[in-house]
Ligand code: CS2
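We begin with a single chain expressed as structure tokens, specifically the form predicted alone.
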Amino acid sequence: MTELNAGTLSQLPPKVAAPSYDRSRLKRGIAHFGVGNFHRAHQAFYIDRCLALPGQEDWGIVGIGLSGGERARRKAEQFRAQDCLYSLTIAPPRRENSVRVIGAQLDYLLAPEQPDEVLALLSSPALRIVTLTITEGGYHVDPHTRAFVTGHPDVAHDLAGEGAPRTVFGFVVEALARRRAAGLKPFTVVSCDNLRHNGEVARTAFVGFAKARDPELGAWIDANVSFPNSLVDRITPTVTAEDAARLNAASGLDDRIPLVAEDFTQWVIEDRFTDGRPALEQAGVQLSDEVKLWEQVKVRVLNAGHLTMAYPALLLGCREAAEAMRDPQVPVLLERFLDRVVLPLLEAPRGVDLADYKNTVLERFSNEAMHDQLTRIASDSASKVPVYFTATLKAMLAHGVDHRIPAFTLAAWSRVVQGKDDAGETFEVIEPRMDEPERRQLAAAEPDEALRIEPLRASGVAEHADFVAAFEAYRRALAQDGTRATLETLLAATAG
């Protein structure tokens, strides 16, 4: 097998495509916080395309990790051992896979161990864009007041100014303060997280932090830094050790950090950049003034659909998305949810047929080549549910739309957080923002109290007596009769 590093790019196996540009000529123009699989298969994929175009050498990426500990150090070592190169296998549903090496990332900095290097990078005139995948819950914006929350210990540490920054807010705002003092243009901050109005949420977070540190600096950032809204979409599964071995055996590469993604990919972004941008439109990115409509369609169809599928499927014993889509009941539930609850309440962007969009989503979920884990989809639901479901739940209640399937979905979630399927087999869904008392509240408290957990509070479902009653009936039925029988009753009741 061929080791993957800068010295072997000219010796790759025949079916592996190498970067078509000279990496030695690239400048560090983009810094990315949160280098996970999605970023590597999505944003870095698009920038890799840009770098192959003439005159785009300014836009190399430097990845930045914020976590400390042994796992974070091992990740940094893996990137550096391969000169930040990695293979991306693209897996269409009915065609042969293709493999390419992504060369867009030039370096990887571990912020807890290299804070000075991170600040020097962010303060450099060559650095013109900062991008983020810090998860839906990573912005510390209160969902009710829409204000930045300063109470987190690391945020409080950074506001106190004692020692090196610990948070993305501390690093970015300190770098912007240095650029302001030096008379340099500020960089653009681009959120690539699955959030409604993600650019506006990012503005609230960074300006809120800056104003808490220095009101004048906060006002300057608010007036001078661009935070474009963007929509991002590509299904990118977790890669287990077994997956990595399979991917490497197929590619012929000895890659420590191989990656697989579906062939579908989409990035829609507002064309609002403070100091230039790559030729994104030539790399397949859509520049649009309708990002908010696009994000509503994606979040409420694909992301909410993912959870509607994943919760009952996990309880039925499924472990992958395509397996769930082969089940006789789960796809029926999912399509009925989308057709009757979601699509009637959506406004489509120009030229978009919502039925076609829905059908594409269902086909993507059914892609047997992806091996997309349901536990990945269902994890961190305390962050996902308020983002993916709240708008639909509020509109559903306001317009009197049938609420039985969403009530069942939340009841299924109350079972999933307990980590055991109907056959007694355990599975792990990670909920970093839901503590054990809140899990118990969702699973076993009185129904109106269960629906008042923080992730559901803004939806208003706890104040709707019929929804509360339906939720409790499904929660009881799931416990007593099991998921299969409960689904049979629900689908019969909602037929026609």
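This one's a predicted model, so the numbers in the text were calculated from it and none came from an experiment. Start at 1 with the first residue shown and count on from there.
There is also a form predicted together with the ligand; it is not shown, and the following applies to it.
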Are any of the heavy atoms in residue 318 no more than 4.5 Å from a heavy atom of the ligand in the predicted complex?
-> no
Is residue 233 close to the ligand in the predicted complex, meaning a heavy atom pair under 4.5 Å apart or at it?
-> yes
Hey, in the predicted complex, is residue 188 touching the ligand, heavy atoms inside 4.5 Å?
-> no
Do residue 194 and the ligand share at least one heavy atom pair within 4.5 Å in the predicted complex?
-> yes
Partner-proximal stretch of 373-381, 166-174, 150-158, 125-133 relative to the ligand in the predicted complex, 4.5 angstroms, heavy atom | 373-381
Report the residue, out of 82, 89, 367, 303, that has at least one non-hydrogen atom within 4.5 angstroms of the ligand in the predicted complex.
-> 303
Listed residue (388, 311, 227, 209) with a non-hydrogen atom within 4.5 angstroms of the ligand in the predicted complex | 388
The ligand in the predicted complex - contacting residues of 11-45, heavy atom within 4.5 Å | 38
